[in-house]
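There is one chain below, alone, in C-alpha cells, taken in the form predicted alone.
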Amino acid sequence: MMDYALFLGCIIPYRLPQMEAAARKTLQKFDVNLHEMQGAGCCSDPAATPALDYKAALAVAANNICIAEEMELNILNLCNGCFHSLKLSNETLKNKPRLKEQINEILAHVGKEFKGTINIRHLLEVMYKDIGLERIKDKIKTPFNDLKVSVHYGCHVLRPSNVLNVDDPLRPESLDRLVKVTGAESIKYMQKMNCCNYCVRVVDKDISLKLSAGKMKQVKQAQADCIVLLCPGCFMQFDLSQKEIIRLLEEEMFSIPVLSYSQLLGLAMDIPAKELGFQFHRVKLKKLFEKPALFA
C-alpha cells in the first residue's frame, strides 16, 4: 500500500475533472491511497511566475510543500507544470540554505516553515516505477490489440532532466511502455517530442494554434487512432483547440481523440467510460473503441 498527498493544481479541478477521476479510479486498483491537501493553492506556474518574482514563486510553491511535510507524505502530481514547479522549488530550497532561510522568513507570516523532508512525484513515476509494468499488466481486462497511439510526454515532466530525473529528455520510453502494457501500439511519428504550445497562447494564440496544427498533422499522417498524454495543459491544447484550428486555418476536421494515460488504462481495466469522464471531451471517443458496454 502506498500513500501520497494529492496535489491537483488549478486546471484539473476547474477545467478537467475527468483527469482527476480517472487517476483516482485507476490508482485505487493498485492500493494507492491519495490524501487531500487542505489549504493547497497554485503551484506558482513554471512558465510565468518565476520570471516576474522568483522569491514569490518559491514561497508559493514552498507553502504547498509545507502542507505535505506536515502530513508526512510525498506529493503526487497529475499535472506536468505543477510537478515541474514543486520539484524544482523543493530541490532548490533543499540545496540552497541561504535562499531557504529567506523563503522561510516569508512563510513565517502564514505560520509555515519549509524543512525539506519530502519528495515530489509525478503520476508517470508512480505508475512506471512504483507500481510497475507487471502489476499493471495483471489488471488489464480487455487489451487494446488494434489501437495505434501517438504518445505525447509534454515538456515539464522531462526538463530540466538533471533535477526532475523522470526519463531521458530526448528519448523517453516510460509512457510508451505504459501504453504498450495496455495492448496498444505506441507509434513513431514526426514532432513526437515537440511542445504542445499551450503556453504560447498567452503571447500569440494564432501562432500557438498553428504550431499545434503542425504536430496534429503528423499524428494524422502516422495513422494514429488517438493521442495519449499526461498533462492538463497539453490536453486542453489538443482536445479543446481542434475546432479553433479548423476555424483559423480552414483545415479539414482533425477529429483526433485525446486521452490521459489514466483514462486509457481505465478503459483497458474495464472501468466504464462515464466514470472516467469521457462525456466531457470535445472530440468524442465512442467510435474509437470497440467496447460498447463501457460507453453505454
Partner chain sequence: MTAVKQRVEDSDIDPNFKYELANILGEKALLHCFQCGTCTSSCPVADDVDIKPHQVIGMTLLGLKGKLLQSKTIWLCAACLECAENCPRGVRSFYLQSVLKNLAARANNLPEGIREEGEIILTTGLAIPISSGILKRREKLGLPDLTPPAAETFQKIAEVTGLASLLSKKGGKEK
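Positions refer to the first chain, counted from 1. Keep in mind the model is a prediction, meaning the values are calculated, not measured.
Here the subject shifts to the form predicted in complex with its partner chain, a form of this protein not shown in this document.
Using a 4.5 angstroms threshold between heavy atoms, Gln191 stays clear of its partner chain in the predicted bound form. Heavy atoms of Thr49 reach within 4.5 Å of its partner chain in the predicted bound form, making it an interface residue.
The closest heavy atom approach of Cys42 to its partner chain in the predicted bound form falls within 4.5 Å. Residue contact check for Asn197: one or more of its heavy atoms lie within 4.5 Å of its partner chain in the predicted bound form. The three residues Pro13, Leu88 and Ser161 all sit with a heavy atom within 4.5 Å of its partner chain in the predicted bound form.
Screening 126 to 134, 109 to 117, 143 to 151, 178 to 186 for residues having heavy atoms within 4.5 Å of its partner chain in the predicted bound form returns a single hit, 109 to 117. Looking at 189 to 218, the residues that come within 4.5 Å of its partner chain in the predicted bound form, counting any heavy atom, are Met193, Cys195, Asn197, Cys199, Val200, Val202, Val203, Asp204, Ile207, Lys210, Leu211.
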